[in-house]
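Below, in structure tokens: the form predicted on its own, a single chain.
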Amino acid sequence: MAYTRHHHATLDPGRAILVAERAGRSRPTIRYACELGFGQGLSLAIHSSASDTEWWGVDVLPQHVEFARSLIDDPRARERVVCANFEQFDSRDDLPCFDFIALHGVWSWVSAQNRARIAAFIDRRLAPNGIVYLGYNALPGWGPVLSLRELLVATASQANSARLEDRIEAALGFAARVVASNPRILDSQPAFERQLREIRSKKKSYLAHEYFNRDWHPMHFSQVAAELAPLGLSYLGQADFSDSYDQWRLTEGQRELLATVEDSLLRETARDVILDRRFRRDYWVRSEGAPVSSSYSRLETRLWIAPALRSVDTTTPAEVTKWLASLGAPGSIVTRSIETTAEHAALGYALGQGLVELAREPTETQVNKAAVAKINRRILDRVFEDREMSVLASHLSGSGVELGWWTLALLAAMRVDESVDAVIHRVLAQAEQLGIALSRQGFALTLEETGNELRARHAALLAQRNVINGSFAI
């Protein structure tokens, strides 16, 4: 069963470079990159098209490979998107020495044997000072769900159907009956019922890969570190920058406790327990340099205030809102010195939440503009048939920018229709066909409210049309 289509900004090597510099290391050069188990390959296609990094990728499902290749215009780049298993891919004689190797949603979903194959690939193929990205299910957050997952898998294996979707539905139904019987596990693990309620609304394609995979091994950070240590990999930092803004996630006592921990591995393990973390996004570096410190080095960084992003909401700290306002108007590119702890925290929060993007150098952006125009045209061509299309590539960042399906649908309709009424009608018709409803704070809007919201967004897109066209080459 094919996986969902999503873009993950943490797969962008530019973010790994920033984390390395923030840790006080010299700026790494990332010329060759590879994604192992790329799923639908949306991230791979965008990063391959929007930057000058030579990307390779491998996935075992032909439909994943076909989709990723369909978005990439350069025939040589398409050939580097390979359908194979890890062992077959590693046996190729045309692979370069990679500066960046990425795995998102793979490490904790494969067997120990396949993790060993991945480790062998990294050992042979990662360059000195190269960086590895791992996105994986973490403990202790997934601990209470281990029993639920075992119940679901055991039920699905007994279901009398050849279709995986039917077996998943049967497993969810039986688990609901178990919960209704008021089992004692709910006393010690209330998350059992809560997690079941949460996943029943998820797409079957997501559940198949997340819960019903043959192998499912959430891991403690310390376990991952132990498996990577023989490869000469040391922990570099969080790819989502969440380790830089603890003042908005942790209590004062928790921060004071972590400040007393010198060892970076123990500090991360303790932070995971404090946060009950369920997913980690880590960068690891092949280097004999000093361990990561809890403080950050001074940075000079180019930032792009992207247009049409979701607005800053009430959960955004006031310090971040003020810092963002100081950068400039949407579409601006600025160079900023990041020196204080407060500035590092604001930058980390803004990048992690997609409120600001890293900006590439002008020489690189011009070279990649044509390729970005082509992939964005192909994305917009798919919007009305695919509810998962929600991101556009940008040559300014070398990565993707999350805009949401509704914004992409408006942009797609505006290519065809001139009048606002025709645009809104087209978007509403396609949303109904795809079963998509616009919501606010978790509540679905009425048809009238949806129309008014789309008119407001349409007006905002018109007001920013030149900035949007320049940012996404459309």
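In this text, all values refer to a predicted model and were calculated from it rather than measured experimentally. Quick note: we count residues from 1 along the sequence shown, nothing fancier.
Same protein, other form: the form predicted together with a small molecule, not shown, and the subject of what follows.
Comment: the small molecule is not present in this chain, but in the predicted bound form one of 84, 299, 112, 226 has a heavy atom within 4.5 Å of it, namely 84. Of the residues 331, 352, 232, 105, just one reaches the small molecule in the predicted bound form with a heavy atom at 4.5 Å or closer; this is 105. At the 4.5 Å threshold, heavy atoms of residue 209 reach the small molecule in the predicted bound form. Mapping the unseen interface onto this chain, residue 472 falls outside it, with no heavy atom inside 4.5 Å of the small molecule in the predicted bound form. Within this chain, residue 422 is remote from the site of the small molecule in the predicted bound form, having no heavy atom within 4.5 Å. Residue 61 belongs to the set of residues with a heavy atom inside 4.5 Å of the small molecule in the predicted bound form.
Although the partner is absent from the chain shown here, none of 15, 28 and 32 has a heavy atom within 4.5 Å of the small molecule in the predicted bound form.
In short, of 444-452, 32-40, 411-419, 431-439 it is 32-40 that has heavy atoms within 4.5 Å of the small molecule in the predicted bound form.
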